[in-house]
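Given next, in C-alpha cells, is a single chain: the form predicted on its own.
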Amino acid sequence: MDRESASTDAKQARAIPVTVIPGDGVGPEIVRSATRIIDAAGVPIAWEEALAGAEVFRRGDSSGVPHETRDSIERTRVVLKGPLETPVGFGEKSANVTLRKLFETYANVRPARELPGVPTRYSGEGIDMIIVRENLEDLYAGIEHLETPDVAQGLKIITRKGSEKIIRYAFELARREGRSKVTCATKANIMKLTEGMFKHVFEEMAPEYPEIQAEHLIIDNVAHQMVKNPTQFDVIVTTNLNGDIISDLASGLVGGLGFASSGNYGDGIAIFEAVHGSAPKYAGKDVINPTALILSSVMMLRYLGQSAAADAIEQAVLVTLEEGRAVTQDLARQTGGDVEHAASTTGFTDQVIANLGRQPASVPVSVRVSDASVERRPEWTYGPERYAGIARELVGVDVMIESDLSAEALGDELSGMGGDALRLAMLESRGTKVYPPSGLTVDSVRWYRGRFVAAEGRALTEADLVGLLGRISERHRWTEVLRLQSFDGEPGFTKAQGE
C-alpha cells in the first residue's frame, strides 16, 4: 500500500459518521453549503446520505421517514438535515415531528443573538438569548378527535417526566454557558393542570441551581416583553406550542428565519436543522441564504466535540456578514444593497470558506451553545414507590354527549340517570356551565359535557360508571368518557366557567 492510500484509509478510519438528509425545496442547496464548509474546515466527517420528506410521502410511506433513514440514524446518532415539506393532500404527519418523536429528541434549542451586518429594529442592544422548547408533548402529541361532525378536540399532554427533562436541560445549559437567568414561560393562569404542572416542576427544581436566577412569566407577557425589551432574557424554557411561537418571534428580533439555527437533543442522539421552510419557489435558483443551516452545523460540531472547527466556522460566518461584500438577496434587501447583484448561495459559501481563520472585529468570538454531550443527564424523581404512596379516589365521571336538545331539556333528562350512586352536577358547553340554568345565553354547538359526581357518602365502583353509560346510551349518543379522580385529596380536574 502506498503512502497516499494509507493516509486516506487513516482519515476514513477516524471519520465521524453523520446522517445527512438533503431535504426538500432549497434543502439540498443549503445542506451542500454547510457540508462544503465543514469539509473545508478539515473536520473528518463521513456523510451518510438519507431521505425523508416529500419524496418519501410520494412513494406511499405515510411516515415520511423510511426504514433505511431510521437505520442510518440509529448507527450515526447525529443528523444534519435540510427543511422537509409536509405535502398537502397526501402524506400524513410532519416528517420533522416524526423524526423528533422516533428518536426522542425532547429538547429543541434555538439561540437568537444579534449578528453583525444584519440590521434590525434592535441593532446595538445586544440581544443574546436561547429558547429551550419541550419537543415531544403538548398539542404536538397530535392526538385529535372529531367528537361530532362539527366539534373537533385536541388533547394537550403535559407530563411530569417530560417537564423535568426539559427544565433540567435548560438549567444545565444555563450553567454550562455561564448564563445567569432562566425564565419559565407558561399559560398556567388558564391551563392550571397542564401548563400548571410545568410551572410547578420548574419551581421545584429551581433551588437546585442557586447561582441562577429563576423566574416565571405568563407566555403572552413573555411575547410582549420580548418585543418591548428583549435583552432582559437569557434562557427561556417553555412547553412545545409556546416554544414554537416565541422561538420564531426571537428569530424575527435578530434578522429572521434565515439566521435561525437549532438543535434537537435527546439522550445520546441529536438532529440539527434550519428552522425555516423548504421555500420551493426558490429551489434550484442558488439564491437562498444558507446561514441558518451553517450555524446549525456549528451547533452540531460542538455536540461532536469539534469545538475548534465550530469556532472557526462561526467566526468566518460572522466576518462574512460583518463585511457584507458577499451577502444573499434577502440580506441585501434588508440593508438596502444591490439585490440584483447579491451573492448566490454558492458565492456566499465560497466567501465563508475564504474567511476561515479570520475573526470578526465588532462582536465577541465566545462560543454559544457548547458541547451538549457533557450535560447532566435527566433524573426521574417519580418512581413506582412515589406513585404507590399517592392516595387516589374515583369521585365522578365526565360524559361527552352529542344532542340537539337544549341544555335545560338535556339536563332534566340526565338528572334521573345517575341512579343511587351518581348525581348530575352540571352540564357545560365549550367550558361554560349551562345547566342548572344560570341566566347565561350560550350558543349551542350540539355537544355537551355532563359531569356526574358521587352521591353523598357513596364510594364509586366501575359498575356504577358502566351502569350510567348504559342508561345514557338508551336515549343519547355519548362520544367520550373521562374519569374524575382526586390525588392525595386534591381534585385532578378543573371546573367549568361558572361551576
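It should be emphasised that the depicted structure is a prediction, and the values quoted were computed from it without experimental measurement. Numbers follow the displayed sequence, beginning with 1.
This protein has a second form, the form predicted together with a small molecule, left out of what is shown; the following refers to that one.
Distance criterion of 4.5 Å from any heavy atom to the small molecule in the model of the complex singles out His276 from the list Lys156, Lys187, His216, His276. For the options Tyr209, Tyr282, Tyr122, Tyr303, the one in contact with the small molecule in the model of the complex, meaning a heavy atom within 4.5 Å, is Tyr282. Taking the partner from elsewhere, no residue among Pro111, Gly243 and Ser261 has a non-hydrogen atom within 4.5 angstroms of the small molecule in the model of the complex. Although the partner is absent from this view, Thr239 stays clear of the small molecule in the model of the complex, with no non-hydrogen atom inside 4.5 angstroms. The shortest heavy atom separation between Glu85 and the small molecule in the model of the complex is within 4.5 Å. Not displayed here, the small molecule is approached by Asn289 to within 4.5 Å at the level of heavy atoms in the model of the complex. In the model of the complex, the small molecule lies within 4.5 Å of some heavy atom of Asp330. Contact annotation: the small molecule lies within 4.5 Å of heavy atoms from the stretch 250-258 in the model of the complex, the single such stretch among 148-156, 71-79, 250-258, 132-140.
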